[in-house]
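Take a look at this single chain, the form predicted alone, given in structure tokens.
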């Protein structure tokens, strides 16, 4: 069995904490394989390009870290990845910046990183590339001589064909993706969007077994919904730090019901619509005033981008309206905290909350929905209100599914969740927890790696530049 090689834009450096999520999954995958290489950006920006990578070792895992120049950081990362791909893939074409120079920098970084990674590969390795920063990396590995198995997993949504084609470089990106042996998405909807695009615009042929033939290559395309370590998060929710956080907040809200939302401050998360829905709930239900509080935790994200500064100002205004209309001497309807909290504290707050609001406008998966479910008390669980446009909604049918653009329907869903009988809450929670526990983080990584090994075409001769 060959080594696993992981490529992601950012890595969890040696000795850095790996607090759940993707970093833990990839570390476990590398460790379970008996070692391998984790390759990516170091997080450092320099005035001029440096040659090669910096190598670190932790256990049986080698970390290979490459720096970016300031120009590459601006064009590749802040530019094309975050100002172009991110908004388009989240259906916000109106916020996208279409800049050919930024794309050229994105392609150049993928080319440079592909060349650097290829120098580290051995003949029997398998390569697993992550996310929208590296859609061209597989092609650049091929151009550098690598003919072994390469898989790609997209963590964000893949948009409908008519949205993807808004990218002037959509054909170039599609051709790059075709050099992967396996392309993994979060949901069946993403798979369908990608296959429809490839059929409509590039004459792709659908083959048995979820395979697609296009650009003279055959690749497998499939959904691999990412999960969490449900059992670990459930234990975290009753740990001392979680209990302390719940007790501290419990003293503030007293016997009021808690509605909670936890999201990065991102325009894809539907935060303004969520605050509007909570305001509508109080506008239309006088009996709930003074009896329910919303805690919205939204740590800042990408503050250098103007759209995010505008979002924060809008949230400040919306929370101010509701609190100004309804606050009393001993009650504040919305507690809006623009800062992050440790997972241990969040687990305790999730357990305390009667309603979990996870209402993005579009999301690849959204693991907050799964964490909220895992944190609940089986005897007295809360209710998950979930956007139908979150990837998690495809399998989490026990939630109250809502259209986040329908403010009135969201307000009604919150009211229904607050008033839901215990028996129905328990029944819904049991179905949700069974799903979250079965399709966990371990199942996700193992299923992808097994599919990559099965999907890879027979390797041809390996270029001499690649060590045997």
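Note that the structure is a prediction, hence the values are computed from the model and not measured. Residue numbers count along the first chain shown, from 1.
One more form of this protein should be noted, the form predicted in complex with a small molecule, which is absent from this view; the next part is about it.
Option from 343-351, 68-76, 315-323, 177-185 whose residues, in the predicted complex, bring a heavy atom within 4.5 Å of the small molecule: Of the options, only 343-351 has residues within 4.5 Å of the partner.
Sole residue of 367, 135, 237, 311 within 4.5 Å of the small molecule in the predicted complex, by heavy atom: Partner contact (heavy atom, 4.5 Å) among the options: 367.
Residue (of 191, 107, 226, 295) lying close to the small molecule in the predicted complex, criterion heavy atoms within 4.5 Å: After the contact test, the surviving option is 226.
Contact at 263, 269 and 371 by the small molecule in the predicted complex, all three, heavy atom at most 4.5 Å: Yes, because 263, 269 and 371 each have a heavy atom that approaches the small molecule to within 4.5 Å in the predicted complex.
In the predicted complex, residue 282 touching the small molecule (heavy atom, 4.5 Å): No - in the predicted complex, heavy atoms of residue 282 and the small molecule never come within 4.5 Å of each other.
In the predicted complex, residue 86 touching the small molecule (heavy atom, 4.5 Å): Output for residue 86 is yes: heavy atoms within 4.5 Å of the small molecule.
Distance check, residue 299 to the small molecule in the predicted complex, heavy atom within 4.5 Å: Contact check for residue 299: yes, within 4.5 Å of the small molecule in the predicted complex.
Non-hydrogen atom contact residue 155 with the small molecule in the predicted complex at 4.5 angstroms: Close contact exists here: in the predicted complex, residue 155 approaches the small molecule to within 4.5 Å, heavy atoms only.
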